[in-house]
Ligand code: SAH
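Only one chain comes next, encoded as structure tokens, the form predicted alone.
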Amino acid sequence: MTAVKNIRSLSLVELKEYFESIGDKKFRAIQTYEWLWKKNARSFDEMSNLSLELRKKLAEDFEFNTMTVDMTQQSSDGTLKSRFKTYDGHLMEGVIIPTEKRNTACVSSQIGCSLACKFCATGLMDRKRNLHFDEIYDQVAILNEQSLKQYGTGLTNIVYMGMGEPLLNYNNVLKSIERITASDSMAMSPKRITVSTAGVAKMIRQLGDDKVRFNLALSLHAANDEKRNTIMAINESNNIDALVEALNYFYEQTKNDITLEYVLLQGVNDSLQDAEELVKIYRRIPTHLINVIEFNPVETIPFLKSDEDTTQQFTDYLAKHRVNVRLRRSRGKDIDAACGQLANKA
């Protein structure tokens, strides 16, 4: 069997074929697979029920590229942010947000981002590359270990809302979710996973065609094309009408939850007229919730957080017009772990 670069790219069937090809027993494949996906080994040396000779053979035939934790910070509100380092030296961040009822991991899908949304720190960075599916999986596995150690319980939810645009790394994101939800791995329910997109209409429709089982969030942030064009360049090629159509198609195919994300920017998108336009969009999409998000300040980004009165008036208007709305308060601001702040800053 021809050696492959990454042992975690092999299925269990392919692993069995490999062990047969080197004259070993098939059950070694099961043992190895458990180390890779159930026990979350990060080197061949950890595979203690394999002989030293076999571990050396695996190391000769395969690469086993894993993520390491470069740095971890804890916020005064309990939020935990980790900076991860890839095998080739790149950095990205993941966050655990604990509450009384859940521990949510916010994970990254790319190293940097190419979309350059004007209010987001990650958008100031260049996109270096996509994360491989096993690198995304590593983030979740490590954050789960941290959650168990720090809070006494593992992760209950995962949101793909960290660095990067998940739908521009489509195959790796779906493969990572396949592994996270697999019964021979972490076995997390797909209903506890949400993928957030800035709005790639073509790929939202593809999610529908692929009949995915996880939930979807659209980072809307403005309720008309003119405003959205100024703060999110992606809207010029994926306007609101196209996104509404794509989201409706997604729902028709999957019946999965759709959330709209809306960050309030002082004097930009926080007026009652903006709220009225947002209600109209809400009624065009089978969305179950609008998350209104507090803006988190970032150096060199000129926007300001809406004041409390304006925020209250905005959310009250939505609620009055029968919108299911939730105000998402900032978590982890003091360690640059809040929404829109991830930029590998120590």
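Residues carry their position along the shown sequence, with the first being 1. Everything quoted here is computed from the prediction, not taken from an experiment.
We do not show the form predicted together with S-adenosyl-L-homocysteine, though everything after this point is about it.
- Only one of the listed residues (N235, N269, S176, S219) places a non-hydrogen atom within 4.5 angstroms of S-adenosyl-L-homocysteine in the predicted bound form, and that residue is S219.
- For the options A275, V263, L207, A105, the residue carrying a heavy atom within 4.5 angstroms of S-adenosyl-L-homocysteine in the predicted bound form is V263.
- The partner is not drawn, yet in the predicted bound form one stretch among 159 to 167, 126 to 134, 249 to 257, 72 to 80 has residues with heavy atoms inside 4.5 Å of S-adenosyl-L-homocysteine: 159 to 167.
- When S-adenosyl-L-homocysteine is considered in the predicted bound form, N296 lines it closely, a heavy atom lying within 4.5 Å.
- Within 4.5 Å of any heavy atom of S-adenosyl-L-homocysteine in the predicted bound form lies no heavy atom of I180.
- Using a 4.5 angstroms threshold between heavy atoms, Q146 stays clear of S-adenosyl-L-homocysteine in the predicted bound form.
- The closest non-hydrogen atom of Q139 lies beyond 4.5 Å of S-adenosyl-L-homocysteine in the predicted bound form.
- Annotation for 182 to 213: interface residues with S-adenosyl-L-homocysteine in the predicted bound form are S196, T197, A198 [heavy atom within 4.5 Å].
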